[in-house]
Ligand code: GLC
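Take a look at this single chain in structure tokens; it is the form predicted alone.
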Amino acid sequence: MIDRRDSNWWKQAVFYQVYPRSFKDSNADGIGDLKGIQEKLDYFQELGVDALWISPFFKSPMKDFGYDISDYKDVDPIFGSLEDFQSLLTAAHERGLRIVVDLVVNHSSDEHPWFKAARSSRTDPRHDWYLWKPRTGRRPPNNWISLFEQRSAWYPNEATGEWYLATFTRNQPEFNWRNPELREAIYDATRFWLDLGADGFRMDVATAYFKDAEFRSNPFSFNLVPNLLQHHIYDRNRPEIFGVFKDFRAIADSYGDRMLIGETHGLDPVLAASCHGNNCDGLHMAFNFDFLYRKWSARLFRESAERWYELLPSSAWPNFTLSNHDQPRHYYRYRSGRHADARARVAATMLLCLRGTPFLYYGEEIGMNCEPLPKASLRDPLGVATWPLRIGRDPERTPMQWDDSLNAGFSPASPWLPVNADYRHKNVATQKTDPDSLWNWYADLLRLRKSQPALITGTLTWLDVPPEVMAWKRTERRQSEGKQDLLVYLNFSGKLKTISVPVGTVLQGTRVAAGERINAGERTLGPYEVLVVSQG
């Protein structure tokens, strides 16, 4: 059962992101749902995770697959009902699993009753809940860009003779967070889910809530990546956001044991660190995407982790992730021919043994890939708008591969996205029976993490090792048990590397069995070898 007295549970938890459309279909319509997630609660326990972050399941016209919300207090029928959510929450809590809801409040759907009222008249009480500029011609008010449509972010509204702002798609109008009534309506929706028992929120594009009060155009950038031909200094990441973070934190803290993790809009770890607040009165955690975007390199990952630790306020808590619903899966990004699984083991060990809360993405534990999809199969508005550049998000959202049956056991019906072609040999059922599989590597690491306090709350000290090796020591000091030192060595290269090790016992390794004793001295790490040792 969930212990409501534990306000720091999120520091010790391993989170697992579920993209509900693609996880498990319970009613044979080709789309995953809440009952499907509930069917798999025992799976999460068996794997060893502690909390689920579920991507949006609110009522929505699905123009951006749930990130365009038309009712903040209801479940879309595609995913089930409010009663289904309550059933899922109860069943999860009975198993000791936490549920974190995806809160999308930078914008709503254009089919939300609030926006329908707001766009009807300039005198409507909710008109000021959204962002508008008068139409004085055909030219938009500034140069802000719609991320998923690759055009101006301003769209005409004939009824009021104005432009409305939508920086993702035209169907996702942006809220005016300077309006106190809008704020209170959002806070009320937040309390609704907390009252039901939700354990917290992942806050979508949290640093984008506020826009420049003068609506100034962004300066030009020479970055040729789509939507990055300008420096986004006026349409996101404005300083006013920190006051709202304090409001959200006060609400969460009033429930005792709830948590908030924010998605920053950009790669700047300074911005992510600042979201915690100088006195840690902001978000509990913020994603550091600088780490996620690093290329395959021991040096680069260490530099990113070091900087993250240094930037965080003294009492803030770090987190790490390598994949999510918006980025190509890290198994795909870091693949290298026959070494793909070996690299995945290195990545998993890094993620689960660094100091901080890990976030896993569904299918990561079996090495799900990102196979390119034909244009006819695309569903993501970004993918459709940017074809054939292949920067859409559909490949990382394909159905979970449960077994080698029809549609990988996801659904008896034709899935909303094609199942990866490799599912017959890459699936949960097959890997669970193979002690050398990637699934069992993850499960073993998660068990190890739970059994070793040093891997959760221990301090971290970097070790001097050869280039292309990443290594650190985790130290836990407890009065009853004395000091515990765990050492982690990761060879990021396909070459042999010589390291110095102390005497100890292997806890996890790719070439050395757990439980084996090793002597102090020089030791050779094989290509992509992982070695976790308890010193002494």
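Values in this document were obtained by computation on a predicted structure and should not be read as measured data. So that there is no doubt, residue numbering starts at 1 and follows the sequence shown.
The protein also exists as the form predicted together with the ligand; that form is not presented, and the subsequent description refers to it.
Put simply, of Leu322, Met400, Leu260, Val104 only one has a heavy atom within 4.5 Å of the ligand in the predicted complex, and it is Val104. A heavy atom within 4.5 Å of the ligand in the predicted complex is found for one listed residue only; from Lys426, His127, His265, Arg345, this is His265. When contacts are judged by a 4.5 Å heavy atom cut-off, Asp50 does not count as touching the ligand in the predicted complex. Interface residue remark: Ser109 is not counted as part of the site for the ligand in the predicted complex, having no heavy atom within 4.5 Å. Although the partner is absent here, Leu417 sits far enough away that none of its heavy atoms falls within 4.5 Å of the ligand in the predicted complex. In the predicted complex, the ligand sits within 4.5 Å of a heavy atom of Arg202. In summary, the region of this chain contacting the ligand in the predicted complex, judged by heavy atoms within 4.5 Å and restricted to 165-173, 400-408, 150-158, 443-451, corresponds to 165-173. For the stretch 64-80, the set of residues having any non-hydrogen atom within 4.5 angstroms of the ligand in the predicted complex comprises Asp64, Tyr67, in sequence order.
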